[in-house]
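To begin, one chain is listed below as C-alpha cells, in the form predicted on its own.
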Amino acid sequence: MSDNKLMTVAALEEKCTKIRCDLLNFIYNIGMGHLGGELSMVEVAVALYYKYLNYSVHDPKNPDRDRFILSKGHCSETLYTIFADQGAYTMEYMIEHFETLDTAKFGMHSNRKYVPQIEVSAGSLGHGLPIAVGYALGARKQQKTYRVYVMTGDGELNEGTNWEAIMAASHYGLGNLVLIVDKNGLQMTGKTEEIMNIDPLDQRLEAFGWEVITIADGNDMAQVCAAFDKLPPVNISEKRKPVAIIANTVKGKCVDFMEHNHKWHGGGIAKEQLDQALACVVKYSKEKKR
C-alpha cells in the first residue's frame, strides 16, 4: 500500500526533521503535549509509516494492512503529525478540532472512534501489547499475513499486563508480532532504572521466549532501518518466536534543553522555547549531513 518502500536513509532523515518541526508547532498551538517521548520515537515512527508498514492513511481499514498500535498513547501527537504530512488532515484542521467541547476529533490520547488511522485507543498504559497479541493471534486464525507492530515506552513495562502478554505471545509462537520498546530511560518522575529497573531487558525478553534485536541508537535512521530489515517474513503456517526491537533513544531528541530531562515528559511550550527548539532541530539536521 505504501509508495515509499524505496525511500533512502537520507530521505527518511529529512522527513524526521520536518516531522519534528511540525510536531513542535503543533504542540505550541494546542497548548499541551508529551514532547519528550514524542521526540524520542520520531525515527522509528517515520521509518514505519514512510517505508516499512504495509499501510495507507487514506485506506486505514484495509483488511490486509499491517497494524501499528501505539501503546504509549500519550505520544499520539507524533502520529497525528505524520497523518497530516501524508495528507489525511491539514494541521489547521487538527488544531481546530483538538479537544474542543463540541467538535473534538483529536485528543491528547488516541481515540480510534474519531481518528480512523488510529488502530487502538490508548491512554492507560499496559494495554497496547495485550491487544496486539490478540490481533496477531486473530491474524493466524484468519490466515492473514499482515504483521502487527506495537510500541511501548520503557517505563510502561512497569505494568504487569505487558509481561503476561509477553508470556502469551511466546506461548502461541506469534512470529507475526513485533514489539518496539522506545527505551529513552526516563518516565514522568525520573529515571526508569531508579523507579523500576527493567534491565537487562534483552535477557529478560529472551528468557520469555522472544527474539531480540537491539538498536544501539534508536534515533539513528540507518540503525533503525537495519533493525527492520532483519525482520523475517511472516509465515502464519508455523509458530516462531515473536520479535522485540529495543530502540535505545533520547527523550526530547534534537532539542538540547529537552534531552535527558524528565521534566519535559509533558507540558506546553512557550513561543520563545518553540523558536529555540526549532533552531535546535535545524542545527541537528545540518550537522547530521556533514
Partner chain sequence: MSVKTTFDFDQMLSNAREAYGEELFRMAEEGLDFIFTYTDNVAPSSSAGKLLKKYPERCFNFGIAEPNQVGASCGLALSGEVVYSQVFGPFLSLRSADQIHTDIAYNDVNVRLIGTHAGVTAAGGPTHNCIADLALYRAIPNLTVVVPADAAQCCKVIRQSYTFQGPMVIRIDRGGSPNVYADDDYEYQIGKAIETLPGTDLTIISAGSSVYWSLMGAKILKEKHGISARLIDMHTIKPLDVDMILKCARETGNVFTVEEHSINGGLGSAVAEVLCEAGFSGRFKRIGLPDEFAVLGDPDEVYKYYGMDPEGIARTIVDVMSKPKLL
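Residue numbers count along the first chain shown, from 1. Predicted model, so just to flag it, every value in this text is computed and none were measured.
This next part talks about the form predicted in complex with its partner chain, which is not shown.
Trainee: Give a yes or no on whether every one of S124, P130 and Y146 sits within 4.5 angstroms of its partner chain in the predicted complex by heavy atom.
Mentor: Judged in the predicted complex, S124, P130 and Y146 all sit within 4.5 Å of its partner chain.
Trainee: Name the stretch: of 194-202, 160-168, 209-217, 85-93, exactly one has residues whose heavy atoms fall within 4.5 Å of its partner chain in the predicted complex.
Mentor: Partner-contacting stretch among the options: 160-168.
Trainee: With the cut-off set at 4.5 Å between non-hydrogen atoms, does Q142 touch its partner chain in the predicted complex?
Mentor: Q142: yes, in contact with its partner chain in the predicted complex.
Trainee: Is M188 one of the residues lying within 4.5 Å of its partner chain in the predicted complex, judged by heavy atom distances?
Mentor: Flag for M188 set to no.
Trainee: Using heavy atoms and a 4.5 Å limit, would one call E77 a contact residue for its partner chain in the predicted complex?
Mentor: Contact with its partner chain, no.
Trainee: Is there a non-hydrogen atom of K105 within 4.5 angstroms of a non-hydrogen atom of its partner chain in the predicted complex?
Mentor: Flag for K105 set to no.
Trainee: Does anything in 217-249 come within 4.5 Å of its partner chain in the predicted complex by heavy atoms, and if so which residues, in order?
Mentor: Going through 217-249 in order - heavy atoms within 4.5 Å of its partner chain in the predicted complex - there are no hits.
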